[in-house]
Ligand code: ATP
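A single chain comes next, written as structure tokens; it is the form predicted alone.
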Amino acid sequence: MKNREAIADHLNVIPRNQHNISRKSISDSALKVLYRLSKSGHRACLVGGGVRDLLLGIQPKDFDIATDATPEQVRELFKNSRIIGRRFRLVHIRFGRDIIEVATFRGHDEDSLKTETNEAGRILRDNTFGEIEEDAIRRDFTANALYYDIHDYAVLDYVGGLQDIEQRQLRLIGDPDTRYPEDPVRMLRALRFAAKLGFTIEQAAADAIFRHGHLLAVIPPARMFDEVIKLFHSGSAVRVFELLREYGLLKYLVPALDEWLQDEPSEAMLDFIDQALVNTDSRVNTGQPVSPGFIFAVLLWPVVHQQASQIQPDRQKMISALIQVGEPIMKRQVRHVSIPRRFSQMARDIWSLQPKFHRTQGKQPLRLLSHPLFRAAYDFMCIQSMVALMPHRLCHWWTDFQLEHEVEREPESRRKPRPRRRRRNAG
């Protein structure tokens, strides 16, 4: 590990008049934290994706802060905060629905009792604090290691991150054969950032993914769930899926789908996955809600559909077959990615509702319309109809049916009152 003086020698300071970051683009909550830390005698910098995105002209969704104040000192300054984490102790400061994450500058000391690694080199705990120079080289990618100092509004670059951003390159800080084993999730982050930003992954960092991808198998399933959601709800899910396949990482996230893809997959089903991800990206990028349950329903549908069709070829009678095969497929999936039950159940319900869309006679349509997951299942069905996995007419029929029954489906409190009819005098 380089010493502080050597790191500082590479410091590139970009003064306020030579970069495009404006305080107007930083959230009021983040500015409050930065200024209060600074006025209390602490160094305070915006860091990571927030700085990167602002330099790229993208409005960040989150603002993270790095400081020389310890978590306890930050907690003392902000009563609306709490210290979280064991592996990395952080402070979350809440302003209404807005949460600002504050991290203390990390250092490096192999003998520190606050740093713990396993035999493979994976970091289990990293709470050795240090100086900003050390913190910079402890970060993952150069594009995420830029600091916006609230003291003089300069951007500080210790690792050549600004040049990499200009070249639209994602470069890992340090030796990939050391940094990936420290935290294998960095490989998923590399793919997510490359997809989201349109960056290319620097060759050494890209090649090392093939050597170390197997390390994702030891990541706790609960953490893998968080990473999968970040990947597919990033607004770039189509490109993420391509990169997961290209780098051979899909098998650690959705093994059943990866196996299905190896066996001459149906073109229509591949089109279904692609169209579903296109729709998900569109919803994310326009601020519409998306559910993890829906994305897992999409990713596992090729396997569920194939196995259910082998049991029951008649798609209008497939409900029991879908339930029968869906349960073990989902059980296998949650061993790799710990999907909360409300989302795994949502996926299973979406699957089992699909045959019911063929029933357009009698009272069946109204019963289906009243199902709590009707809208998600309907969207799923319409995506299937777009790629000829379902009759195209069904999507049109159910779209019209919803419009015809829109008033009946509205909550009582939202319905417009009907004019009262005047009763005639019986006499």
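Just so it is clear, the structure is predicted and the values come from calculations on it, not from any experiment. From 1 onward, residues are counted along the sequence shown.
Below, we refer to the form predicted together with the named molecule, which is not included among the displayed structures.
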Seminar exercise, completed: In this chain shown alone, the residue from 183, 271, 349, 149 with a heavy atom within 4.5 Å of the named molecule in the model of the complex is 183
Problem set entry | Single option in 138, 233, 356, 283 placed near the named molecule in the model of the complex, where near means a heavy atom within 4.5 Å | 138
Exercise. Counting only non-hydrogen atoms and a 4.5 angstroms cut-off, does residue 214 reach the named molecule in the model of the complex?
Worked result: no
Exercise. How about residue 260: is it within 4.5 Å of the named molecule in the model of the complex, going by heavy atoms?
Worked result: no
For this session: Indicate whether residue 53 is a 4.5 Å heavy atom neighbour of the named molecule in the model of the complex.
Result: yes
Exercise. According to a 4.5 angstroms non-hydrogen atom cut-off, is residue 144 in contact with the named molecule in the model of the complex?
Worked result: yes
For this session: Could you tell me which of 305-313, 260-268, 191-199, 242-250 sits within 4.5 Å of the named molecule in the model of the complex, going by non-hydrogen atoms?
Result: 191-199
For this session: Quick one: name the residues from 58-75 with any non-hydrogen atom within 4.5 angstroms of the named molecule in the model of the complex.
Result: 61, 62, 64
